[in-house]
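A single chain, nothing else alongside it, follows as structure tokens in the form predicted alone.
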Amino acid sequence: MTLLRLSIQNFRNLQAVDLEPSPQVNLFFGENGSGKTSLLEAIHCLTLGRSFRSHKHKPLIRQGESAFTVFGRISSSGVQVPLGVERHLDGQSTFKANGVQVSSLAELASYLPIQVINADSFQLLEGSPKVRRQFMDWLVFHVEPQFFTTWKGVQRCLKHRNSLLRRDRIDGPELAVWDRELARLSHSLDQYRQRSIEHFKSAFLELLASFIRLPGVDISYQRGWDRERDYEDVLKTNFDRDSQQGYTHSGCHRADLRITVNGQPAAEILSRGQQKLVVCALKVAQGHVFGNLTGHQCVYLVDDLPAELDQVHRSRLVDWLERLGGQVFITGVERDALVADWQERPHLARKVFHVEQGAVKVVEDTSSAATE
């Protein structure tokens, strides 16, 4: 997948931006607050309807305006598809693909898979299981066609089961019906996750080994209940505790990825620099596996790359991104530091943009020469 055109209206401090990105490398430099990160946020909104910095849309609307609009044209398997997102202060939203309003944000997300690498990516090691579960499910969503339908079914069952658990008098037969359906769907969801994680684990460990020497690093999938027991039996055994507290304790909604070093949580063992490298390996491994399983490439949004990694490891990350062969959008404050990692790669189509006070202009374009 490739973003061929990006048009932004009234998004944060970006009043009117219209770009034709390079199909490979796009570098944005400018002072802090100039609008670099806002560009990446706008691309994220185009595919997920929201920013990677916040689920709230009102702060994204330029001050004094009533709505923001992001339009893009993507190419997938040789077919061009227009995408559009518009969100208003009053809560009204419009999401379109190919000129037709999409039925869900999940449908929108399927058109342009996005991976983000920024300071918040450290939450993969330091954050709650929910963060890692969302990370894991990005890959499962894109490679397992039935995943999202199954995931929605699990959420529906949990909602009804928890509602029954909070009643003063629990309807036993009705609860048994929801338990059976929840167990059936949870088993399917667990299988989807296991298949994806098997591919992901080997890719992650191989990439990390080429990036830095960190003996003892491992990653394991925790499905959310005892692996040796049937889930419906777990629900029956936990009934008293679940009914007392009014919610379902065990299940695939508690799944996690455990990232360890010699059996200890990686966040407690690794230095900040080492954590950066592990996080980069996690993100790139996802793109690698996605490409292998689907034959497509995801788009990478990398915010303030020079600030996150030293020159040696920036160069290795750039090597990884180049091998993936997808489109990348990378920001940084200083032009020289941002461009340096790509200067030894004249075969890549590259565009460099200067961002200043919400305005964006091309200052370097090697796209034509690189693609000749």
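We number the residues from 1 along the sequence you see. Keep in mind that this is a model prediction, so the values were computed, not measured.
The form predicted together with a small molecule is left out here; the points below concern that form.
Undergrad: Looking at Glu31, Glu344, Asp336, Asp310, which is the one with a non-hydrogen atom within 4.5 Å of the small molecule in the model of the complex?
TA: If I apply the 4.5 Å criterion carefully, the residue I get is Glu31.
Undergrad: Using a 4.5 Å heavy atom cut-off, indicate which stretch of 319 to 327, 42 to 50, 336 to 344, 56 to 64 touches the small molecule in the model of the complex.
TA: After filtering at 4.5 Å, what remains is 56 to 64.
Undergrad: At 4.5 Å between heavy atoms, is His354 in contact with the small molecule in the model of the complex?
TA: Outside the cut-off, so no.
Undergrad: When the contact criterion is heavy atoms within 4.5 Å, does Lys36 count as touching the small molecule in the model of the complex?
TA: Yes - in the model of the complex, heavy atoms of Lys36 and the small molecule come within 4.5 Å of each other.
Undergrad: Decide whether Asn13 counts as a contact residue for the small molecule in the model of the complex under a heavy atom distance cut-off of 4.5 Å.
TA: Asn13 belongs to the contact set for the small molecule.
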